[in-house]
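Take a look at this one chain, the form predicted alone, written out in structure tokens.
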Amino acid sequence: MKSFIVLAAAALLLVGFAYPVSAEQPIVLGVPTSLKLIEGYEGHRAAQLAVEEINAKGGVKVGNQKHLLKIESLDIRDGEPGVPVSEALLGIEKLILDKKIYATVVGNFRSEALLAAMDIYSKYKIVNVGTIAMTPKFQEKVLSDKEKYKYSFRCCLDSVYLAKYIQSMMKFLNKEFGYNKVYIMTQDVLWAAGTGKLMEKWCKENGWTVAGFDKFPVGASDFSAALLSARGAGVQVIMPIFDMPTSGVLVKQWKSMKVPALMAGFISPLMGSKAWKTFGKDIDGLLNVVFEIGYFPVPAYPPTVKFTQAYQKRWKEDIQSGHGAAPAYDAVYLLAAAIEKAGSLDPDRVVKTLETMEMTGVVGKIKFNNGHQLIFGEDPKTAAVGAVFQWQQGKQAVVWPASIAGAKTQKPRWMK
């Protein structure tokens, strides 16, 4: 008997927590992320909304018992300038051990931190469904040792899918206006610069002239020199790829300098309704790639309408980022469904269930590939979907893909 107790204690120490054994014990979901950054705190809110909805219906059924869900969060600050990856990792491990976390959602902000954190999730057998960090190296790491890294999944797009969406946008602009000359501007971080490199290669291979490629450190707030270079080169498209708060200045300078080129790419601070309230007509005409649909209502796909209305009702404001919130909401429902389908809280059984699951989510159809990456496409009936919208007189008008588009692309007034 004594040896059994010792072995049991050792097993609990190894995994860092004990599975709930009674209906009174909640299933604890961790949200370790950069809570002060928009994708982080909106992802946290979306996950909390999903937890509250599931709990209102009685919780998650495991065998003959129902368990409520509970969120425990920690600001690991990995998206902030100067914060080392090691600090974020210590935070994740502390959250897992102190709060007896069963699984995590949202997760790391920066790709560098995600890749390192995958070893922690493996160590403690924590099922992680990430919804922010985007490096394609995530899939490579999962496939490099499928048994070790089987606990990590990603419920948002990666930079390869983002590049494909931007490529589709460029094909669209070439067909629509005959454009073929571009200037690329990115944030100098792994996901953004990597996406920029992919796009530079693609453009050169597909008949586009790349007149320049500038990278800007996190916190940069003056882009005028690059805009002057773009104007001097006679480009027709400026492709920005940024998620830092100061990147909104780029579009303001684009407007004030009246650079005669479409601004078409991704700028996170200019995604939501507050962007129009802040910048107004300065951002009219901007084309932005939505990483995952669901942060504003898309009438052609009703689940986005239901989610955005529920989020607004709960938090008294609209979602402002184009990445992370809808996948975080889906991630909680996905975990709940996988636990119920597996009939167990055993992480290995839940992982096997996740690998073969298909369900309808806010971002479209939920299904993972062999590298545990959510599969993206152009129709929400068959895959998760990103989109391209354009600010048109204060409205976020979807112009691509055709399956959900509701408007045509317009040139800014000074280009007509």
Partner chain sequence: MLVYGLINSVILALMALGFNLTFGISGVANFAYGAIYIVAGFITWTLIEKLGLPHLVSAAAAIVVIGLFGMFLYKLVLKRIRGLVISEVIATFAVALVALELLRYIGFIGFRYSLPVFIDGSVEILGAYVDIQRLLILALSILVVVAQYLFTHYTKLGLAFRGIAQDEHTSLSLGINPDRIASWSMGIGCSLGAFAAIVILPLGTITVDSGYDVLINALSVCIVGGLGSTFGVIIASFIIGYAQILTATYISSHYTIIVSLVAILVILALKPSGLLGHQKELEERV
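Here the structure is a predicted model, which is why all the values come from computation and not from measurement. Residue numbers count along the first chain shown, from 1. The term rigid core refers to the maximal set of C-alpha atoms that superpose within 1.5 Å between the two forms.
Below, we turn to the form predicted in complex with its partner chain, even though it does not appear here.
Proximity to its partner chain in the predicted bound form, defined as a heavy atom within 4.5 Å, singles out one entry of Asp284, Glu93, Asp214, Glu340, which is Asp214. Here is the short version: of Glu87, Asp119, Asp188, Glu176, the single residue with a heavy atom within 4.5 Å of its partner chain in the predicted bound form is Asp188.
In the predicted bound form, its partner chain sits beyond 4.5 Å of every heavy atom of Ala261. Taking the partner from the other structure, its partner chain in the predicted bound form has no heavy atom within 4.5 Å of any heavy atom of Glu140. Shown alone here, Gln309 lies farther than 4.5 Å from its partner chain in the predicted bound form, counting heavy atoms only. Its partner chain in the predicted bound form comes within 4.5 Å of a heavy atom belonging to Arg231. Just one listed stretch, out of 271-279, 196-204, 288-296, 325-333, contacts its partner chain in the predicted bound form at the 4.5 Å heavy atom level, and that stretch is 271-279.
At a distance of at most 4.5 angstroms from its partner chain in the predicted bound form, all three residues Leu37, Asp222 and Val249 contribute at least one non-hydrogen atom. After superposition on the rigid core, displacement of the C-alpha of Gly212 between the shown form and the other one amounts to 2 Å or more.
Phe138: CA moves less than 2 Å between the shown form and the other one after rigid-core fitting. The Cα position of Ser321 differs by less than 2 Å between the shown form and the other one after fitting on the rigid core.
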